[in-house]
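A single chain, nothing else alongside it, follows as structure tokens in the form predicted on its own.
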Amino acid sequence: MGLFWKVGLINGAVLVAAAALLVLGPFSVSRRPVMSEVVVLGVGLLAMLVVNALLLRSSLGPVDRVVREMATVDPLHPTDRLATPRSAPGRQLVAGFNAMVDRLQDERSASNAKALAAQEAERHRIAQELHDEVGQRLTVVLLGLKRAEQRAPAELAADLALLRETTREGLDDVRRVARQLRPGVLEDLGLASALASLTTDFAQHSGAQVRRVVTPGLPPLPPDTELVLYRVAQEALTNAARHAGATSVELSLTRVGDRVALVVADDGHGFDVRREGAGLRGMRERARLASGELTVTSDPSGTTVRLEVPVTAS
């Protein structure tokens, strides 16, 4: 029965009962009501209102509780759903609300997957252009400077050598950025080698000490899941150097039951995890694409990012 008809029947039943009581009961009202009659009418009206309120509360109370609980649900959290109440109206409302949240989650996951796929494609294109265009041109410039240095007079040789060294450093930076945009080692050698290269580059450019622990014999993962793990590790290391000011970082990749766990812990000054930035939201979106669970804990002594993905993730 719909909520509208249930409320209508409750009100109708109360009014019919009140009318029958007035007709069949020993009550009458004179042309000029006396105080006793006014008291009887007031008590009857109050009793009718109380009975009506109690009956309506039994039907609408669960709905009000569900509405209050809706404000506490985070639609972005895949496990945060309302429990099914015992009342029929509450069950209908909860079922509709949970179904709506599930649809929103599915649509958001699909749109995020497309956005991240487009982002990876754009990174691939930029990395290819950096390698093929900018890198090749800098290589030509580097070779030209070397030949010019060999033929130049002694007073210009030192300046050309300095210019050649600066060009070589710029070429190394271009190649490093290209590797970060498109981790070719991930496609060629796998996740463990890609993480090793990532931590080595991080230690060289940040000055922080990095300890890497990768359990041998990890189960094979789909390419998309490996890319998610790599990007989350990359973002966690970037945050440790750029925002946390960490001097020591530990990265581990281990198997925990039927899941693979990536943990990046630093000794930086920490942050308030309730105030998520674009980087942390991006990591959560990537974790959801791999059916993984991301947890971030932080205090003044450091920050720990943990991502667990199922071995059978698609």
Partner chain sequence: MSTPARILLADDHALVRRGVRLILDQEPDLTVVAEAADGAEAVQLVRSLDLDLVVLDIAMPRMTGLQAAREITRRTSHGDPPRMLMLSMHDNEQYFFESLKVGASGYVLKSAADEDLVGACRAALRGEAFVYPGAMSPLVRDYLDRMRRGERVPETVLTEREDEVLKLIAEGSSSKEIAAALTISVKTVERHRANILAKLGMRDRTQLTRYAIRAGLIEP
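None of these values were measured; they are calculated from a predicted model. Residue numbers count along the first chain shown, from 1.
Below, we refer to the form predicted together with its partner chain, which is not included among the displayed structures.
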Checklist entry - Can we say Q150, D172 and S193 each have a non-hydrogen atom within 4.5 Å of its partner chain in the model of the complex? => result yes
Item to check | Contacting member of S109, T200, Q180, T238, with respect to its partner chain in the model of the complex [4.5 Å, heavy atom] | outcome: T200
Checklist outcome for this item: Answer key, its partner chain contact in the model of the complex at 4.5 Å (heavy atoms) among L189, L104, L162, A113: the residue is L189
Next on the checklist: Taking any heavy atom pair closer than or equal to 4.5 Å as contact, tell me whether G135 reaches its partner chain in the model of the complex.
Outcome noted: yes
Next on the checklist: Is R168 near its partner chain? Define near as a heavy atom within 4.5 Å, in the model of the complex.
Outcome noted: yes
Item to check | Close approach of K146 to its partner chain in the model of the complex, 4.5 Å, heavy atom | outcome: yes
Checklist entry - Taking 4.5 angstroms as the cut-off for heavy atoms, does L221 touch its partner chain in the model of the complex? => result no
Checklist entry - Hey, of 240 to 248, 93 to 101, 136 to 144, 116 to 124, which bit sits against its partner chain in the model of the complex at 4.5 Å between non-hydrogen atoms? => result 136 to 144
Checklist outcome for this item: What changes in the model of the complex is the Cα distance between D188 and G135, by 3 Å or more; the two atoms are closer
Checklist outcome for this item: Against the displayed form, E187 vs D132 by Cα, in the model of the complex, with 3 angstroms or more change: pair is closer
